[in-house]
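Next up: a single chain in structure tokens, the form predicted alone.
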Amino acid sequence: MGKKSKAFGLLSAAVLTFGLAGCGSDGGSGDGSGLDVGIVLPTKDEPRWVQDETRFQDALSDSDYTTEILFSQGSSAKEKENVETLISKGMDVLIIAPHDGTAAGSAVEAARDEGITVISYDRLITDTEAVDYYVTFDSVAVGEAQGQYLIDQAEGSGIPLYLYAGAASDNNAFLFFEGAWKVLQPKIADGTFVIANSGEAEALKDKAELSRDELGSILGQVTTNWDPSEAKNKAETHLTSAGADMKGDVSILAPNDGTARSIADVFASDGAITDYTITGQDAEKASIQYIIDGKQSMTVFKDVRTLVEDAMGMAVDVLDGNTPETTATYDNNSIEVDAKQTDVIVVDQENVQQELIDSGYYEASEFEGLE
């Protein structure tokens, strides 16, 4: 049910020693030449990325390097403009979570042309050689944890399985689905689950490993584009067309918390759905409340504090002239990118207190119904 995340501590000794400055700081940079680290995040419209901004600010508040955080608001054009703005300020290291992994290529190529080290953050930038490092959660493990949770909760056979995925423009969406398919496929093939909403997935149900194109064909049918409204509309369409044999007790692979809540609300409102198990990801506050209330089954907790620690530690290594530690490589369709992976953990009603409250990630006062 997912790998245990390593315990979060203070920033690494390197970060504590060399530090990084508060967001938008006007103080002097580490080498006196300008902006040290530029950070570009995809949008302020998803709680996940606002959370990341806060964690970066917390990590960088007492240090000597200068940083600036900019948001792309779901626009690749704005993303490129943000990178150009940071380049003009003399940035040495770029940490970027791309809105669109392929479209971001031209932006990071401009940075690379200026001798800037590019760290792809959480989402992999694809189809370009202009990526030096990748800091990520183990995205395949996220999908595996989601799929395994559905398997662990399954009773009997012939259980209707509704599949949903993230945006086809996000490489992580492929990795999440790949991981989920890896564990779910044997249980689809043996009849434990019956695919309810994807003809493409049904046609591939006997295939354990899918090519990128085959994954793309399924994602094309079940993508939510990470948009809760689109997820809601798709779920409504699927339930409207589903026969009685595809209702009752069902299992739902939802790619993240925002889409999970929307999909769960739709399924909960259908009188022919007697029970549902639904996955999530990101441990958003609203979904933690849903889990406490029994409206969402689980979420994959990705401790942003640890991801930020890894990203900033890597940036400091670069600024200090050292080679960052990496633990894996990822193929971005152009090169093998050196990466550092951060582990994930499954959270449900049984361990929400231990993993999210006792660990200090959230305050108990932020939720109702905690025992």
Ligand code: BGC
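Residue indices: 1-based, along the sequence shown. Just so it is clear, the structure is predicted and the values come from calculations on it, not from any experiment.
What comes next is about the form predicted in complex with the named molecule, which does not appear here.
Open item on the list: Taking the named molecule as it sits in the model of the complex, is D92 near enough to touch it, meaning that at least one heavy atom pair lies within 4.5 angstroms?
Closed with: Because no heavy atom of D92 falls inside 4.5 Å of the named molecule in the model of the complex, the answer is no.
Open item on the list: Taking any heavy atom pair closer than or equal to 4.5 Å as contact, tell me whether K302 reaches the named molecule in the model of the complex.
Closed with: So K302 counts as contacting the named molecule.
- [ ] May I ask you to state whether R48 is within 4.5 Å of the named molecule in the model of the complex, using heavy atom distances?
- [x] R48 belongs to the contact set for the named molecule.
Task: is_contact(F176, the named molecule) in the model of the complex, heavy atom dist at most 4.5 Å - done: Close contact exists here: in the model of the complex, F176 approaches the named molecule to within 4.5 Å, heavy atoms only.
TODO: Please name which of the stretches 145-153, 198-206, 231-239, 165-173 has residues with heavy atoms lying within 4.5 Å of the named molecule in the model of the complex.
DONE: Within 4.5 Å of the partner lies stretch 165-173.
Task: Partner-contacting position among S72, S251, Q281, S120 - heavy atom within 4.5 Å of the named molecule in the model of the complex - done: The residue from S72, S251, Q281, S120 that makes the contact is Q281.
Open item on the list: Using a 4.5 Å heavy atom cut-off, which residue among Y133, F267, W226, Y290 comes into contact with the named molecule in the model of the complex?
Closed with: Checked against the cut-off, the match is W226.
Task: Partner contacts for 234-264, taking the named molecule in the model of the complex and a 4.5 Å heavy atom cut-off - done: The stretch 234-264, when checked against the named molecule in the model of the complex, contributes only N256 at the 4.5 Å heavy-atom cut-off.
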